[in-house]
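The data below hold one chain only, encoded as C-alpha cells and taken in the form predicted alone.
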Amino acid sequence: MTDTNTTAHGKWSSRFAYILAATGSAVGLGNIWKFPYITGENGGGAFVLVYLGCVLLIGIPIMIAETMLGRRSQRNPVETMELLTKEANADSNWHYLGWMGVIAGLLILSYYSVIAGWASAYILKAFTGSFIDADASAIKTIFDQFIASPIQLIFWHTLFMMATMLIVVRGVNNGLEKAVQYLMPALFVLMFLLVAYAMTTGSYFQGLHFLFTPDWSKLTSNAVLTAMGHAFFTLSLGMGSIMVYGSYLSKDISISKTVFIIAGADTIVALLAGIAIFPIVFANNLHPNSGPGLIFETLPIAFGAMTGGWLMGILFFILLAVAALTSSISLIEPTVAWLVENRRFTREKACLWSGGITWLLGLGTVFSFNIWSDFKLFDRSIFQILDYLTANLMLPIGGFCIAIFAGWIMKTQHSEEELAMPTPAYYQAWKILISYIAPAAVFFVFLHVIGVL
C-alpha cells in the first residue's frame, strides 16, 4: 500500500527506537503496580506460569497483528481501518474499530493520569520522610487524606498531563523517540537497583520461591482468566497505541522479531517488579495478597521501617512515575495523529485539544475519590465505571476484532507480504494463533469479565 501522506506522518529513526517506544507503551502501571498484587492474590508461581503462556499464545499474535495493520496503512488507527477495509473489500463498519481504539486510549489516560499523579506525589512524600517509622495506621491515614483532597489530586493530575503533552507535542523523533531514549534505560536501571536491594533483605529466596514455585492447588479458574486478561492488557493492545506506533515503523524492519523483543522486555519488567517487591513484603511480615493497596498502602510501611528505606522509597516511586509516563504518551498519540492527519491541526493545537479534553475527563476520576464519592452508577464510582468500560469491555472487544480482521478479513497475500516471516511454517503458526486460539481466548475472557462465566 502506498503512503500518500508522508509529510504529516512521522517515522521512527531506527528499529531500536521503535522497540524502546513500543516497550515503553507496554510497560506501565500494569507491570509494576498491578502484576505484583494480582500475583499475590492468586497464589504466586502457578499464576505466573499461566500468565507467561498467555503472553506467548494470545498477546504476541495480537500484537503482531495490530502492528502489521498500522504499518500497512501508515496512518492513524481511524484511517488505518478505513483504508484496510477498502483494500480487503470488507464491510465498511470495520472502521469503527479504529475509532474505538482512539476513544479507549483517551478514556484510559483520563484516569491513568490521576493514578500516575499519585505515584508522582509519593516521590515527594518519600523524599520528605513521610513514611519513616510510620505504622500501617499512619500510612493509611496519609493515603486517605491525600485522595480526599481534590486540590492535591488536581495538582498532580495536571502536572502529569503537562509532562505527557510536552513530550508528545515535539513529534515522533524529537518527542516520543527522545523521551523513551532516556526514560526506558532509566526504568531498567531503577528496577535493577530495587532488585539488588531486595537481595539484601534476608527474604530474597522466599520471594523467589513464592514467585516461581508453582502450587497448582492455589490455581483457580478465576486465576487462569485473570492471567489471560492481564497478559492481553499489559501489552497495550486494542487501544490504538501499538497500531499508531506500528504506522511509524519502516517497511524493512521485521514485525515479528521486534514484537517478540517488546513482549519479552515487558514481561521481564513485570517479573522484576515481583522479584523486587515480594522479598520486601516478606521481610517486613506483610501480606502478598494485599490487593491494589500493595503499592500505596503496604510498601510505604516497609520503606519506612527498613534501613535505606528512604532512598528505596524515592527510587521506587520515581520508577512507577517513569513507567506511567512511557505509557501515557502512547495513549494520547492516536488522537493527536488523527487530528494532525485528518483535521489538518498543527501538532501543538492537536496536543492542546486532546490534552485539554483528557484533563477535563480526568476530573471525574479525581472527584470520584472525594466530593463525588457518594455518586454511584450501577454501584460503581466514575473511576470504576471508566476502568470497567475500557479494561473490561472496550479492550477485549478491540483485541478480539483485531484478531478476527487480521486472521479472517485481511487477504492472506497482504498479511504474508507485510510480515515477511522467515519460513512459511512461522506464518502458518501465527495464522492459526490469530485466527483461532487468540480470539477464542479473548472471547472467554470477555465472557468472564461481564459475568457470563
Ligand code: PHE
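Between two forms, the rigid core is the largest collection of C-alphas that superpose within 1.5 Å. One-based numbering along the sequence shown. Since the structure is predicted, the reported quantities are computational estimates derived from the model, not experimental observations.
The same protein has a further form, the form predicted in complex with this ligand, not shown here; the description that follows concerns it.
A heavy atom within 4.5 Å of this ligand in the predicted complex is found for one listed residue only; from Trp338, Phe233, Phe210, Phe160, this is Phe233.
Comment: this ligand is not present in this chain, but in the predicted complex one of Pro61, Gly30, Gly407, Pro36 has a heavy atom within 4.5 Å of it, namely Gly30. Between 238-246, 368-376, 214-222, 189-197, the stretch whose residues reach within 4.5 angstroms of this ligand in the predicted complex through a non-hydrogen atom is 238-246. Among heavy atoms of Gln74, none comes within 4.5 Å of this ligand in the predicted complex. For Tyr112, a non-hydrogen atom is located within 4.5 Å of this ligand in the predicted complex, even though that partner is not displayed. This ligand in the predicted complex comes within 4.5 Å of a heavy atom belonging to Ala26. Using a 4.5 angstroms threshold between heavy atoms, Met165 stays clear of this ligand in the predicted complex. Residues Ser327, Ser330, Leu331 are the ones in 312-347 with at least one heavy atom within 4.5 Å of this ligand in the predicted complex, listed in sequence order. The rigid-core alignment places the CA of Ile38 2 Å or more apart between the shown form and the other one. Once the cores line up, the CA of Tyr51 ends up 2 angstroms or more apart between the shown form and the other one. Shown in the overlay between the shown form and the other one, fitted on the rigid core, is a CA shift at Met161 smaller than 2 Å.
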